[in-house]
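One chain follows as C-alpha cells, the form predicted on its own.
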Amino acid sequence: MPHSVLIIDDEEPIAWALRRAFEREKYRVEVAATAEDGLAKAKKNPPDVIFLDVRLPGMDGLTALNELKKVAPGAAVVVITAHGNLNTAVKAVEGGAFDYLAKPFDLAQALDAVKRALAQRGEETGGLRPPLAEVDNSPDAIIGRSPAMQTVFKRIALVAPTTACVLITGESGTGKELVARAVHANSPRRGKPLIAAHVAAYNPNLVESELFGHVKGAFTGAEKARDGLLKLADGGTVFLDELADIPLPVQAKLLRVLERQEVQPVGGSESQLVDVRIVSATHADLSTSVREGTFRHDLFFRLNVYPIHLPPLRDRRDDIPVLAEHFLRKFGVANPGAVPADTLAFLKARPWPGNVRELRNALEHAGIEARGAALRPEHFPEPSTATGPASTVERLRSLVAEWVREQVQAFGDREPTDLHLKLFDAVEPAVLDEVLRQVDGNRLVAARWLGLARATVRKLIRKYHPESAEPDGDE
C-alpha cells in the first residue's frame, strides 16, 4: 500500500505543486485549505507525512500541530512558512515537528523531507517538550526573514532543548552572543544562570582564575578564595566568547570540564563537580588554529558538536529593512516604518564590514541627525574606514597570487598552461568538503549552496572520496 501525504496549505499554487510532485512519486495525497479540514481528514485517514503551513485561515498551523499529533500520532509533520522567525521554529520543534521548511523551498527539498520522514517512521522524531521561552519580543531579539536566518532559527530550535555543546561562528558584529542567549533561553536550563566569559577582555595570566576560580593564597593578591565563572554558572550555561584566545594550558583544564564535569580552582588540590553547558563563539578559523597548534584538536571536536554559522550582513541584505525598523523602534524614533525607499536602497548598497552592529550604530546616528524627520542618506555617518584583520576574501586572493607566482617560477622559460584548471582542481575538493561539513553531509542542501545539480555533487564525491561515496536514499 503506498504511503500517504496530507498537505494543509491555503495557497493553491503551492498545494498543487506539492501534490503533483508527491503523486509522481506514487504517494497517496490529500489536500486541505484549512487546519480544521486537515484535522478532519487526518482523523479519518491518518497520513504518514503531513505538510503544514503556519498561516492558515481560522486555526493557525502551530495550534493545529498539537491537535494533529493527537489524531495522527504516527505522522511526521513538516512545518512550512514564509513568515518564520525564531519563535516559529522553536514552537514547531517543541510541538514535535519532524522538519521545518522556509518558503520559498524547491520540490526536491520537500521530497527529501518525505523520504527522511518515512525512513524514520517508528523512531523518536521529536515529541512534545516543555514550553520554551518567548524571545522575539525582547530588545535583543534575533531579527531576520532571509533563508540564511531561517536556517539559523531552525538550528537554534533543534539544539536548544539538548545538552550538546554549541559552537557559533561568524564575523564580528553578526550577533553571536544573541544566538548564545537564545539557545539558553529556549533550553531547560533557562531558569539557571547564563554567564558570558569574554576571553579576549581578560588578562592572559588571569584567564584560568576567571574560569576556574582560585583558593586563598594561590597567587599574589589572592587574599580569599573565589569561585570561577564555571562554578557560578552551575546548572546553567557558560558562553565562551572569542574561544581562540584561550591559552593552551587553560584549554586542557576546559577539556576536563567537558569530560568529567568538574573544575579544579587555581592552587587547589580538590576538584568540584559542576553541571554546565558550554556555548562558545569565535570569528577566527579554529581549523587553522588546530593545524598551527594553537588550539587543541580534542577540545575543538568536543566544543564543535553542533555548529551554528551566522551569515554576514552582506549575505542577507533583504533583512536590512526589518532590522532597520526593529532598531529604530528600539531607539524611540517616530514612525520608524516610514524609511523612504531610496534610503533603504542606500542602506542595502553599503558594504557593512561591521555587520549588524555597524548597521545598528549607523541607524542610531541617523535618528539623532534626522530629529524626527524621515531618514535620508545624508543623515548616516560615512562608511567605516577601520581595516582590522584582513578579510577571508583578501587572504584568499593573496594565497592565489602566491600560488600563481610559484607556478610561473616552476615553468621557468616555458609558458605556464591551464593555470585556471589547475587552480580549480586544487580548490574544488576543499570547497566540496567544507560545504558538506557545514550542512551536516546533506547533499541536497550542499547542491543548493554550490549552485550545482544534486547528481553533480554525487559525482564530485565519487571523484574525490570514492571510498565513502554511498548512494543517496533515492538511488
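Just so it is clear, the model here is predicted, and its values are computed rather than measured. We number the residues from 1 along the sequence you see.
Missing here is the form predicted in complex with a small molecule; even so, the following discussion is about that form.
- Here the chain stands by itself, but in the predicted bound form one stretch of 243-251, 85-93, 285-293, 170-178, 170-178, has heavy atoms within 4.5 Å of the small molecule.
- The contact residue chosen from Val257, Leu101, Ala117, Met149 relative to the small molecule in the predicted bound form is Met149, the criterion being a non-hydrogen atom within 4.5 angstroms.
- Comment: the small molecule is not present in this chain, but in the predicted bound form one of Ile156, Ala324, Ile80, Val356 has a heavy atom within 4.5 Å of it, namely Val356.
- In the predicted bound form, none of the heavy atoms of Leu232 sits within 4.5 Å of a heavy atom of the small molecule.
- Although the partner is absent here, Ala113 lies well away from the small molecule in the predicted bound form, with no heavy atom inside 4.5 Å.
- Mapping the unseen interface onto this chain, Ile143 counts among the residues with a heavy atom inside 4.5 Å of the small molecule in the predicted bound form.
- Under a 4.5 angstroms non-hydrogen atom cutoff, the small molecule in the predicted bound form lacks Arg189 among its neighbouring residues.
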